[in-house]
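As structure tokens, one chain now follows by itself in the form predicted alone.
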């Protein structure tokens, strides 16, 4: 753990940075345990404010461990949850009441009477009084001792969306579009996400004696930096923590990556000028000065606070050439290596050729989103490409897709020359339609429906692969058990999952592996799949193929790589970008981030152009994965 406090030049809230979410969760849970025991010894209840979402999951698992293994009792703990979706009953699988039972309450000894969660089903005319009573109940137990918080991409705490005032109290609120997009996978489509929620207000939260906000992964980095270093503003409700006397941020290295001391350490103090840090500084300076790398001057280095770098590695002209060459050497139209070429300065080795390339996609769309153009290149250049979806993706398929399939099947049967020959198909289709009608838009999918939805995405993945020249027999769906048996934010990885990935690696013996999820939220499908790949590779240590295998990381839904992070930049022509777009069009439903993949690739190219590189239509980027 790195303990960075508000004594830093830019941070306005004490900030603790940890190597992992698990480490952070252990530290915070230990503090909660100490609070509970201290309160109980004084004959008092400990009052905790709790949050939902993916961020608190490792924290709740650590509390459960402390209860089971170290005897921490919650018998004298009173809890108040931040929020609840309006319109969802407490037994709905996506309600926060259900989430809290599954993630914490069912596993500890807290009395049901001590649990307080806003009601999602209170009638509209009773919302105001319900919210007022919630405030009164918090006051009646002496207020909240410690409030746990997460942070959304809009900067919200609770559901206090942009525009929430500092003095706002518990109330019903309309959810922001970005918030609903982020919850779309949980509800199998953005159109199914509730439009309203009941939430504690900013003022309610700030009345707690202590505040602890958790954030994981690079996707949260930008908004975390705004909340910690930016102005206090209603546009980012988490920024109000700057005004609290005892608030802290608990974040991992990914979520900390946009903090000034991490991203621009030369503006804070002395820097150890490693090759990566040097490239980061020169690239940043190039963008700030709006000049290509080769046109940067000594004066620019001094103006942008890089005089130490200049004195250590200058003059500017020589430093510029070195960084320019490094950036230029990342560009390669041969992601599998160019055969019979001098590969001294190429990202990927020339031999062996052709290579066996294993491309992992956590869900069926991820690899096409993140590296569809590179897949096209690998196939075009004669490599053996195996495209592997680690999960079925069934949780992201809307009910409307299953309805469409079943209705089409019934229509085919009714128009057949011999409808009786379609008896089994007709029964199946009617059963699907019955399940859809019975469960409603928010009900839990039974096994039959999840299987059908998985088949829908399986077909879409094969169509997308075909658009990029990958034959169906080279497309693999692992259907890993953790996904098939779980739900978003509720997954539990087991040895069975590791064995499935390990066997695939040993069967294929790849020369290259492409993976994603290193920068994702730790509880996301992408992050879990990334850890599974790491565990499988560890199991294969010492095997000849494993030691010779190159590992490349790409980004799907996560924050794009910055130029200084890129070790291989694969350019795409307009025709190749169009092929990638055609492959993506095979998917019936993509999130807004996934749909904008082509524009993100164009932005990569614009960055390289601004740095003085050759001008390309688009670029996909990769980072060399160095195993610990």
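Keep in mind that this is a model prediction, so the values were computed, not measured. Residue numbers count along the first chain shown, from 1.
Beyond the structure shown, there is the form predicted together with a small molecule, which is absent from this document and is the topic of what follows.
Among residues of the shown chain, residue 83 is one whose heavy atoms approach the small molecule to within 4.5 Å in the predicted bound form. Among heavy atoms of residue 377, none comes within 4.5 Å of the small molecule in the predicted bound form. Although the partner is absent here, residue 522 sits far enough away that none of its heavy atoms falls within 4.5 Å of the small molecule in the predicted bound form. Under a 4.5 angstroms non-hydrogen atom cutoff, the small molecule in the predicted bound form lacks residue 555 among its neighbouring residues.
In summary, among the residues 74, 187, 96, 134, the only one with a non-hydrogen atom within 4.5 Å of the small molecule in the predicted bound form is 96. Of the listed positions (511, 171, 489, 462), a single one reaches within 4.5 angstroms of the small molecule by any non-hydrogen atom in the predicted bound form, namely 489. Stretch-level contact check against the small molecule in the predicted bound form with heavy atoms at 4.5 Å: of 586 to 594, 40 to 48, 599 to 607, 53 to 61, the positive one is 53 to 61. Contact with the small molecule in the predicted bound form holds for all three of 150, 156 and 179, each having a heavy atom within 4.5 Å.
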